[in-house]
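This document opens with one chain alone, in structure tokens, the form predicted on its own.
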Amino acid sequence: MSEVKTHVRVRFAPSPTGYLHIGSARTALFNWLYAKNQGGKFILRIEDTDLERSKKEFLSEILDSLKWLGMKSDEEIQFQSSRKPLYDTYAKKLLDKDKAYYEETEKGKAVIFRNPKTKIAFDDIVKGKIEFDLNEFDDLVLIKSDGTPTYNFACVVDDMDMKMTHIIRGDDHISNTPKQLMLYNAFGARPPKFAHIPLILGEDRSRMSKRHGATAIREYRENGYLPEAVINFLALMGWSPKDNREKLSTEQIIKLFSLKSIKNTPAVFDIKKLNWLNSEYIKSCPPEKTTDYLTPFLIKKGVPAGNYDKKWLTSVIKLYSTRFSNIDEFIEKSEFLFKEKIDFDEQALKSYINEKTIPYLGKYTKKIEALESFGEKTLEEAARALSQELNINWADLIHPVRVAVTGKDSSPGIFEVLVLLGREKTLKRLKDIQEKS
């Protein structure tokens, strides 16, 4: 049974005290997906009341990462730092009802909420019924002595003022929920529905951290991951369609997404799955588009991609499109095309370059020099003719050629590689390996 559609309003409320990391991005995504699925509104709120730790560069990165992922606020972005008069007004309402009191401190006057000391319960969409005894909590600070609101107070005031219908967040916030619910009750307001998402764990089942790999979304962007792949990957961490499909377009995910189908167990970050998904999206992406996307990141990593003709670079990316899942893999496998001097794999040299194969390379060099046209077909015909003349297996010629020009024992089709290298570089490398051996 599908969820009944209402005027859904959800929010993502990051603090600009660090980069947008995997866990926060997934929280944003689940809010955004639910809003889109329900025809509702996704609102971005910046919780920047911590003036010392909030930085413009973090805010800029968070907004850029969300934009890259395709998530934008459906209304004007709200900043808590500009909403102080609203928090003061709501604090006064509680003071006037004697539900809060002033407390003098050395730094100034704080506003404290009187804990009603009762039991409080709520039905979480993911977790089920959760109950708390408020006797275990102290009175709650609403406004600190320096005049800034506390997290829980500002959160409730904003969610009421912005008419949030659902709060979708990590389950590390469950302990905040009873504090927020008693404030809703004090204001006589109907609380939103809550859905607390289990945390993301590393592959070793410990809490996700940098030792499990990159944690900031910007790092995945700079490593050549496509936004569609990252969206797909994040969606599958804690949610899955009923038919257990893994590659899904963003439109398909929106259509299928449901809060009730979010799993109540921690998601495990699996970089292999992300790499597989990204490789699938690279394969299906037009090579010209992939080239435009990857070029600035290749340059940033030291590959002089801007020095090459775009048509040639697109041909390289097309040739390797089934062989890489991120920029580092692409560079590792194709760097010989961009370098004047290549690095040889020692084991490949030992296996395929020797007294027996060097003469083969010399004869193939002469065959290439005699070719009128330097193309895949003519290169292959010359190689087949030579292997017949020498009465050797095809592999006895092709493997040494591959090692001589690429430095590796594996590559895409060798004749496609030679064409991309060009006649001049191909001949130079064939001759260099003969001289060194």
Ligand code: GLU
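Since the structure is predicted, the reported quantities are computational estimates derived from the model, not experimental observations. In case it trips you up, residue 1 is the first one in the sequence shown, and so on.
Heads up, the form predicted in complex with the ligand isn't pictured, but that's what we're talking about next.
> Out of 235-243, 326-334, 264-272, 149-157, where are the residues with a heavy atom within 4.5 Å of the ligand in the model of the complex?
Within 4.5 Å of the partner lies stretch 149-157.
> Looking at 173, 367, 301, 99, which has any heavy atom no more than 4.5 Å from the ligand in the model of the complex?
Checking each option against the ligand in the model of the complex, the one that comes within 4.5 Å is 173.
> Check each of 221, 166, 169, 179 and return the one that places a heavy atom within 4.5 angstroms of the ligand in the model of the complex.
Filtering the options by heavy-atom distance leaves 169.
> Quick one: is residue 13 in contact with the ligand in the model of the complex, heavy atoms, 4.5 Å cut-off?
Flag for residue 13 set to yes.
> Need the contact residues for 341-367: heavy atom within 4.5 Å of the ligand in the model of the complex, sequence order, or none if there are none.
Heavy-atom contacts to the ligand in the model of the complex: nothing from 341-367.
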